[in-house]
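Before any questions on how it binds or moves, here is one chain, the form predicted alone, in structure tokens.
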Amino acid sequence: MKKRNLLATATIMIIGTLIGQEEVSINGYLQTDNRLRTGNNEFSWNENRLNLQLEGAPSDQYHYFSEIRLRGFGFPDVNQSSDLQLPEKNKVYRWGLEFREAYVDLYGFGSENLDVRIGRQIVSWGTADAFNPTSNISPDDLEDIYNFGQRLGTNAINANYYWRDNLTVNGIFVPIFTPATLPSGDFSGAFAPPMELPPGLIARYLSDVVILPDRTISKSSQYALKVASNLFTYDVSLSYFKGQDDFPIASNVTFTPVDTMGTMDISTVLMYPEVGVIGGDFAGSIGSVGVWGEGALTYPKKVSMITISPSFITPGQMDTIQTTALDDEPYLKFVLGGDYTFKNGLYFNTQYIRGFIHERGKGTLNDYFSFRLEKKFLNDELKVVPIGGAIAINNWDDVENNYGLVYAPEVVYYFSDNVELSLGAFILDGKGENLFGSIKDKDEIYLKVKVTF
């Protein structure tokens, strides 16, 4: 805790020093976000955020950028009176500091056509809206289950070579693997596959161990290459990524007997499979309709599953069974989408998504449809989203028992040029084994206030 206090103090001192320098630009936003579950009237999200971005370009040879986020997040965690006496106040008001990005851009590095970015950075590839199967460099940040498309910064060397007028070659090297973050609380199991227990077994305690890749160049580093250009009136690109999937997968499960009634403690070992990804995307328009598409063919390395459980044949003994957790057969994820603004200002956006963020393996991908309809009023001071959300279908032969739905209406009031108030809801429904169906009893309403500067 002392280390975190020292880090926060040092950060504030650095910011104060930089404010006085003319070449430094400081901007960001303040935001408060509160959510209430409609089923039990309990607050599920409580966040106050200060996001700061510092950047400067003292010369035309280089540019630097940094982004930090200071948050008061969560609810009081007071269990005894001594928690109320801590000088850090972290039990009464939980807070944290995120160091999201810090990099330097070097222009004309050895060649006038070569720019290099070095440091912690968020790299986002792809043309689709929020769901980008070709974007595998920066890991997913899924802390907020409704804010898809967010990513974490990762240390990287990112080089762009501008070859001819309309061709760019982008090469990236990531020395250290960074895993994705996952939702917490009662959303923690949303992206995990359902665990099927053998007949007659009852789970008592569940535990797991996460094994990260060894911190060696051969095991932990990742690299990617993208070639982007223009074809007719479309922006197009082809890419390749070699590294690890940022979602863990179970490679070992052990069932430990607790009693003679079939009660078990279950421990799981999770690891990150190696993958190669060939990707491509395009973006443009057909008349006045914006269109885009993005696809990624993934070549996973095979992952075996070792299951250790009590023997049904020899009482008192344990059986070891090896199966396949992830096959090495390639599988394709893709997104097709479009948007259109009507003459009356009504805006519509929709996408078809084959394979969600957490899905992998041929034969396991589901279909999703996202949609959003919005209209502005009062000289754009009021934005109304009467229709927004997504639909999941995991079995077209029995849709009525295998679907998921999130309906997300919203009203945004722009109080001034830099102040916005948002009131909305997440209404969930579904049946069967799919993302939205697994969280269908967690409807929420929210209120957000954001001030940019």
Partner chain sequence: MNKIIIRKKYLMIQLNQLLKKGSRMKRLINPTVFFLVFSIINMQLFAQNISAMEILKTVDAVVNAPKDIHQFSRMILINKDGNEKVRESEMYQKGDDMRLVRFLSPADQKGIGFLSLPNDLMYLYLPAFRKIRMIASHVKNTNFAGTDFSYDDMSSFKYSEEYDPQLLETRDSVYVLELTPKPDVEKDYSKLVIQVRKDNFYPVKIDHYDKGGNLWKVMIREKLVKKGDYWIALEMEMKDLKKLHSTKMVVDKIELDTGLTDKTFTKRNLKKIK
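The structure displayed is predicted, hence computed values, not measured ones. Residue numbers count along the first chain shown, from 1.
Just so you know, the form predicted in complex with the partner chain exists too; it's not on screen, but the next bit is about it.
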Q. For L114, is any heavy atom within 4.5 Å of the partner chain in the predicted bound form, or not?
A. yes
Can you work out whether W125 and the partner chain are in contact in the predicted bound form, taking contact to mean some heavy atom pair no more than 4.5 Å apart? yes
Discussion item. Residue-level question: is G110 within 4.5 Å of the partner chain in the predicted bound form, judged on heavy atoms?
Written reply: no
The partner chain contact in the predicted bound form: Q222, any heavy atom under 4.5 Å: no
Here the chain appears without its partner; judged in the predicted bound form, the stretch of 114-122, 357-365, 325-333, 255-263 with heavy atoms within 4.5 Å of the partner chain is 114-122
Query raised in the report: Does the partner chain come within 4.5 Å of a heavy atom in each of Y162, Y234 and W292 in the predicted bound form?
Result: yes
Answer key: of E98, D83, E143, D339, within 4.5 Å of the partner chain in the predicted bound form (heavy atoms) is D339
Picking from N79, N379, T216, Q317, the single residue whose non-hydrogen atoms come within 4.5 angstroms of the partner chain in the predicted bound form is N379
Contact check, 266-295 vs the partner chain in the predicted bound form, heavy atom within 4.5 Å, ordered by sequence, gives A283, G284, S285, G287, S288, V289, G290, W292
